[in-house]
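A single chain, nothing else alongside it, follows as structure tokens in the form predicted on its own.
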Amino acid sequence: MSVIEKIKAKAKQRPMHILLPEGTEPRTVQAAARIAAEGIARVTLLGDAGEIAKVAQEKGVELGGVEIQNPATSEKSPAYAQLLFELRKAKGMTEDQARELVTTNPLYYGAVMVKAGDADGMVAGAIHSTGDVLRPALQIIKTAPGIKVVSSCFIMELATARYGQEGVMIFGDCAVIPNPTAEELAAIAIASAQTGKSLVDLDPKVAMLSFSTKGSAKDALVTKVQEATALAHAQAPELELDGELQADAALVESVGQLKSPGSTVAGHANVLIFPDLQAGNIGYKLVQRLAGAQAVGPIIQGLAKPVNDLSRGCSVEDIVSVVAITAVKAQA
């Protein structure tokens, strides 16, 4: 069973309430029908019921079990607008602005609905940019207690079990923070380990990657990774984490024990933390294309409640998979 099938099975054990705010988008409507039919989640589409029904008819899908809410006419919109105003008035938002956002922008309506506890998570991005999806999440749902950084990771499922945990690895951050500070790198490491544990039952072994291993090179870039390693150890002393490590030292046991003798992570890493977004994005795409790995993500981490972003080129299957991921994160 593939990683994503295992995640879907876990989602079905306790279905959560997930919002799809791009409710009239055809792939989203098709995905909602599948999610409801397979019992992956309780799903709500946001938008005009008549327009959604028209799209469903055109695509030949039944929306039995799918809920629909129209932010423009919902009886909950006044309360949601008031909640948004209270959350953002210190930033200069007026009541009129809050009302307009809630009733005309389904991403804001959805984020407030999740904040209010009327839904467990949200998935969007089929027709919106990552910034559009994350902005209301950051403003309204905000970060989890004790977390200051919102980042991302990918689940990488390799064709061979030689690396990672039976071929499964976590790569972070590959999509959100361009040039993380040492403090942000530490937060990314801890969050990525937690994501791996909650989604795929990973026993995290975290490698803080660099072009240096244990001081073999001297540079400010290396120092940043060393500082991040120390911070992560201090914040999560129970976590198996080592750094700074070169990629071969992290992945190959003979190299790892040569360069970092006695390390429980070197040569056995299943969570790779890249020093910046350039390395992370290039790294996951090289592994995906050259090694034939399946890349699942990006998975947004660090928010108080899960919100995940889609590629605008996503397929129906991609939406179903990301909803399953979001549902399992909501369970946790």
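Sequential numbering from 1, following the sequence displayed. Here the structure is a predicted model, which means the values were calculated and not measured.
As for the form predicted in complex with acetyl coenzyme *A (ACO), it is not shown, yet the points below apply to it.
- Although the partner is absent from this view, Asn281 contacts acetyl coenzyme *A (ACO) in the model of the complex, with a non-hydrogen atom inside 4.5 angstroms.
- Using a 4.5 angstroms limit between non-hydrogen atoms, Lys59 is distant from acetyl coenzyme *A (ACO) in the model of the complex.
- Using a 4.5 angstroms limit between non-hydrogen atoms, Arg162 is distant from acetyl coenzyme *A (ACO) in the model of the complex.
- In the model of the complex, Thr103 stays away from acetyl coenzyme *A (ACO), with no heavy atom inside 4.5 Å.
- Only one segment in the set 192-200, 88-96, 162-170, 242-250 has residues whose heavy atoms sit within 4.5 Å of acetyl coenzyme *A (ACO) in the model of the complex; it is 88-96.
- Proximity to acetyl coenzyme *A (ACO) in the model of the complex, taken as a non-hydrogen atom within 4.5 angstroms, holds for one residue of Ala126, Ala119, Val150, Ile155, which is Val150.
- Site annotation in the model of the complex: the residue of Met113, Ala228, Leu107, Leu134 reaching within 4.5 Å of acetyl coenzyme *A (ACO) with a heavy atom is Leu134.
- Taking a 4.5 Å heavy atom cutoff to acetyl coenzyme *A (ACO) in the model of the complex, the contacting residues in 176-203 are Val176, Ile177, Pro178.
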